[in-house]
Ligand code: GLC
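A lone chain, given as structure tokens: the form predicted alone.
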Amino acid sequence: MSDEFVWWQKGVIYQVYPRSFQDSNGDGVGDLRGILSRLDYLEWLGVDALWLSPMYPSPMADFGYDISDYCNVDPLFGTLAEFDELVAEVHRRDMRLVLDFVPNHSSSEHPWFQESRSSRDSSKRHWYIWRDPAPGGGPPNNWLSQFGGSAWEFDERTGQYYYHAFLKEQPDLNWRNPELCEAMLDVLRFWLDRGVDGFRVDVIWHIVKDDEFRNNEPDPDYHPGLAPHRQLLATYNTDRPEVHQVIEKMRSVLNEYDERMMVGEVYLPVERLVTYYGGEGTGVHLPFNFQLIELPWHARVLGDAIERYEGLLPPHGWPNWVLGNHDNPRIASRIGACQARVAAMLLLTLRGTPTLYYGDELGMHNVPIPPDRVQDPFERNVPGMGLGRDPERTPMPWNAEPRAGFTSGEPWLPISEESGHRNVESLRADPTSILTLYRRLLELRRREPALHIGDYVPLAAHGDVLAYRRRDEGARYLIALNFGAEPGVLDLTGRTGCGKLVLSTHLDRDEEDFDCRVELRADEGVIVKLNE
């Protein structure tokens, strides 16, 4: 049965933020050569695919998400030759490489935009979104930038505004233009021809805008604690019906190659999220499912959400789960170090493809960033609201040395004060560490088809306990997770058979017989292999 599934269904994706993973030349910024030097660690950990955040040429206004050349590597990170070496070394270890693809916007320094803004008659004028001022002057409509303020920037030279969903240095591309569309599809082919196994598509629900440029309505649920752009419902500048036609074109390119995949970044309610699967063979393989990040950390809330998500998936849709990423606070900071272990077991035993964020396997916390070290433009544009993303982007701690083995120079962001004890070298040597737990979970998941492709069967539980079975033709597993700080009990008398406990998040008990009543300590999850 396992042979019926492809690598991205059976495997685990690990996100590498290149700036913060490993520096090889002492400039304080991670790079491709650094990633190459750490592939043995990732192979040891047991992940199946690396997803690299952007490493393209960029002025770094938004740290690589403002791209000035889609078909090259920024010298800060290395060279195309080093990228090719990375692809080869990843494949030699039977792993895959997934690249970030940023189709919504380019850098304002991209030659395409420089040409576009040169004249209203430019051959690339309509590769971007230009509009006349509103009657009486001012922006064409009320659309807001994700990073604060109006999403329209006036260009004195040509007397029009251009649209930017993010920074003014990130003008949005016009996917309604066939020439632009073909140029971006050629970007996909460029990297696919170099051996890339797939793409994580940035803000995919943004890439098509209303062709009438209608004003957005106020959001009745907005309150001052939210980011300023949340004042308006993004009805007309995101999630437009035509976006699925663009996705179908992207998917058709991937379909030209064997076993390539596409992950879509989609921050939408789950009812809208699942529409991005499209028809069979036409949509995104995996529209990112962020419910483990967004929902309250309560057993009943998450249990209901898992069942609802499973019920909404189209017949050809494969589930996926995300616990952390470069845009959200660290899991250990969100729910605490003890529950971070429970979260690891949840992520790696649910049905579907899991995505890990670098350092979460160490239990990394957010790192406080002094005002003079702030890098994130989101924090700079909207200060004092705690919206900055620097705290979850800090360097990976590899050992207990002063710069944590990340760099010989001054790191681009501060290194955690925890790095003296929370680092790869120390945790790898500790048989009860969270890193050891992740490795054992990954090893068990890879070894047992029931845990990576088996059915998901929810089980009734009470209080802070969440329980479910994973099963296939050869084995059945029970997973019981205590989301509470007090002991819990799962009584399955008459509902399932006996078995043997094979793994606890505390890593201090295994091979215990199970007799239909599972005693859970505070903040503990267990995996039980049920008898046939």
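Residues carry their position along the shown sequence, with the first being 1. What you see is a predicted model, and the numbers here were worked out from it, not measured in a lab.
Unshown form predicted in complex with this ligand; subsequent notes refer to it.
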Query raised in the report: Does at least one non-hydrogen atom of Tyr438 fall within 4.5 angstroms of this ligand in the predicted bound form?
Result: no
Report task. Classify Gln170 as contacting or not contacting this ligand in the predicted bound form by the rule of any non-hydrogen atom within 4.5 angstroms, answering yes or no. Result -> yes
Query - 4.5 angstroms heavy atom contact with this ligand in the predicted bound form for Met250 - result: no
Requested in this report: Classify Val203 as contacting or not contacting this ligand in the predicted bound form by the rule of any non-hydrogen atom within 4.5 angstroms, answering yes or no.
Outcome: yes
Query raised in the report: Heavy atom within 4.5 Å of this ligand in the predicted bound form: which of Phe406, Tyr163, Phe166, Phe199?
Result: Phe166
**Report entry** Option touching this ligand, based on a heavy atom within 4.5 Å in the predicted bound form, out of Lys124, His244, Arg389, His110
**Finding:** Arg389
Query raised in the report: Using a 4.5 Å heavy atom cut-off, which stretch among 208 to 216, 325 to 333, 256 to 264, 362 to 370 contacts this ligand in the predicted bound form?
Result: 325 to 333
Query - Every residue of Arg19, Arg38 and Glu425 near this ligand in the predicted bound form, heavy atom within 4.5 Å - result: no
Report task. Quick one: name the residues from 58 to 97 with any non-hydrogen atom within 4.5 angstroms of this ligand in the predicted bound form. Result -> Asp62, Tyr65
